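Okay, here we've got a single chain as structure tokens, the form predicted alone, with questions on binding and movement later.
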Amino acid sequence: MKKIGLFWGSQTGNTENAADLIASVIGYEHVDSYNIRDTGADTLAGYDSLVIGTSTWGAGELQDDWYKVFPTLDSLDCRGKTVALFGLGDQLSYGDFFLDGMGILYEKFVERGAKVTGAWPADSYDYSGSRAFVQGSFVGLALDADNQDHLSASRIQQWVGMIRPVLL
């Protein structure tokens, strides 16, 4: 079995909480979890499978911790890597930019050659625009801790059930 690297950035703790639950559901024996502010692209390179998490801030921006790492991702060779993404956003207050942070990371990992898995249906969300909406679904798990927190645990369970066999 492959070892999975779980990389996330969290401003308020919501993305960290989601990452902790994702790691728990995957199984701690299969996953190493990192706050992206404490590591870099060289650590990501050491894994065949990656789970990447971010929230979206302001007018569709990446979470702060990802900014220091983002330029270094240009040197990351993701050919042969499987990547699953999860994103947090506020679909009601920031509906024009819902999950754009996840979309930005998706674009970068695809550009670097990654195979992305874990697309998520968009039909139970109320938003007007998203960079993470591609070919009829979100590019990864969509979470809204502000308006739909009560759904997060069940969504994580379902999503991990989908991606775990592909990542391992």
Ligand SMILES: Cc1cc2nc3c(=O)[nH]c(=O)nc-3n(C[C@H](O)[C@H](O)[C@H](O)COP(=O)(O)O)c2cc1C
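We number the residues from 1 along the sequence you see. Please read all numbers here as calculations on a predicted model, not as lab measurements.
As for the form predicted together with the ligand, it is not shown, yet the points below apply to it.
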property: Leu88: touches the ligand in the predicted bound form, heavy atom cutoff 4.5 angstroms; result: yes
property: Interface membership of Ala145, the ligand in the predicted bound form, 4.5 Å heavy atom rule; result: yes
property: Any non-hydrogen atom of Gln158 within 4.5 angstroms of the ligand in the predicted bound form; result: no
property: Ser152, heavy atom within 4.5 angstroms of the ligand in the predicted bound form; result: no
property: Contacts with the ligand in the predicted bound form, stretch 65-102 (heavy atom within 4.5 Å); result: Leu88, Gly89, Asp90, Tyr94, Phe97, Phe98, Leu99
